[in-house]
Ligand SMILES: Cc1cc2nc3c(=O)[nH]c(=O)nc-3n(C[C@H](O)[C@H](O)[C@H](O)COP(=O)(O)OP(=O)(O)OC[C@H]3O[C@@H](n4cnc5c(N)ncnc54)[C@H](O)[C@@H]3O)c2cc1C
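Here we start with a single chain on its own, the form predicted alone, put down as structure tokens.
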């Protein structure tokens, strides 16, 4: 099936709403909350209420995390969907055009919401109010590991009609603000990665402790928490998806989460890169640098040639991200494309924002613009949801047809 990456008119609303939020709400308070780390941006409550109202009337692709939407319905042959995943990606992209950290702080739009949408059963979605009443953070990383998601040591031991969770999670985005936490834990460590499952846990629940908030290089407006689970008892229904442990299948079920969230993180990088490119172009033009698309880059000034290179990388990142989202909406396996979009956009984000600071010289390094902030913010987008190296490893496995045991 051919892929048409020209966005349909029905998504114009999503783009317009997110772009307006970026320019009218996020940009004016961006520096304020970057300097006031760990302070909750109260302005986001109004935005969250607006999104909820529009979503209730069917007028918004509300939410960075999105939901299943129409993408899970049966389709007639030849039907092309642009549903919940595409809306989520566009929302993430244009909101991040304003401020990545503030986008990550919007109530009810957590990365854990995408995990719920990816693996929760219909009964669980109904239990959680369709997912719209839940603001879920994602708790995967632990003190003993970073990108190796199979190395989870947090346990969830069955005890009657409950699971008992024990362990510690670090670098949990929105961990102290979200209403719920999606926790990766092993139901039987003797069975290895196959026994890793995801659980949705209310943040204000016995046995859940917010240990501390991290001070960070970037995305300072977004809280990043260390969370400890000590004899935390939750109902068995809070295990997302199937409770069955299939040692042959591995932990493919929980890994489906990344097929949804990696294009979203790629979209964040695309958004902040676009912001930096637009600011850089304005500065170059003010300095008298002409960018001519009708002449070879080699025949232009070094600054113009570099800008054209950065723009080309941005375009590739944008198209890869849309492709990954489109495939998810059309029920096509997109693990390869999700990692490709994340790898390309993550690296492009750091390259574009850092090069923009460099080309803008002392002006770019100062706080007179948001360029230096965007450079700091972009680094995390090449790290979380799987580092650059992890993405390249996944891509290599998919392209070569190798398993994780065969290619490490």
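Keep in mind the model is a prediction, meaning the values are calculated, not measured. Numbering follows the first chain given and starts at 1.
Keep in mind that the form predicted in complex with this ligand is not shown, yet the notes after this line are about it.
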Inset, instruction - Pick the stretch from 203 to 211, 290 to 298, 172 to 180, 321 to 329 whose residues have a heavy atom within 4.5 Å of this ligand in the model of the complex. - result: 172 to 180
Legend entry - this ligand contact at residue 24 in the model of the complex, heavy atom, 4.5 Å: no
Inset, instruction - With heavy atoms only and a cut-off of 4.5 Å, decide whether residue 393 touches this ligand in the model of the complex. - result: yes
Legend entry - in the model of the complex, residue 93 touching this ligand (heavy atom, 4.5 Å): no
Legend entry - Residue contact check: residue 196 to this ligand in the model of the complex, 4.5 Å heavy atom: no
Inset, instruction - Name the residue from 227, 219, 234, 134 that puts a heavy atom within 4.5 Å of this ligand in the model of the complex. - result: 219
Inset, instruction - Report the residue, out of 270, 140, 156, 86, that has at least one non-hydrogen atom within 4.5 angstroms of this ligand in the model of the complex. - result: 140
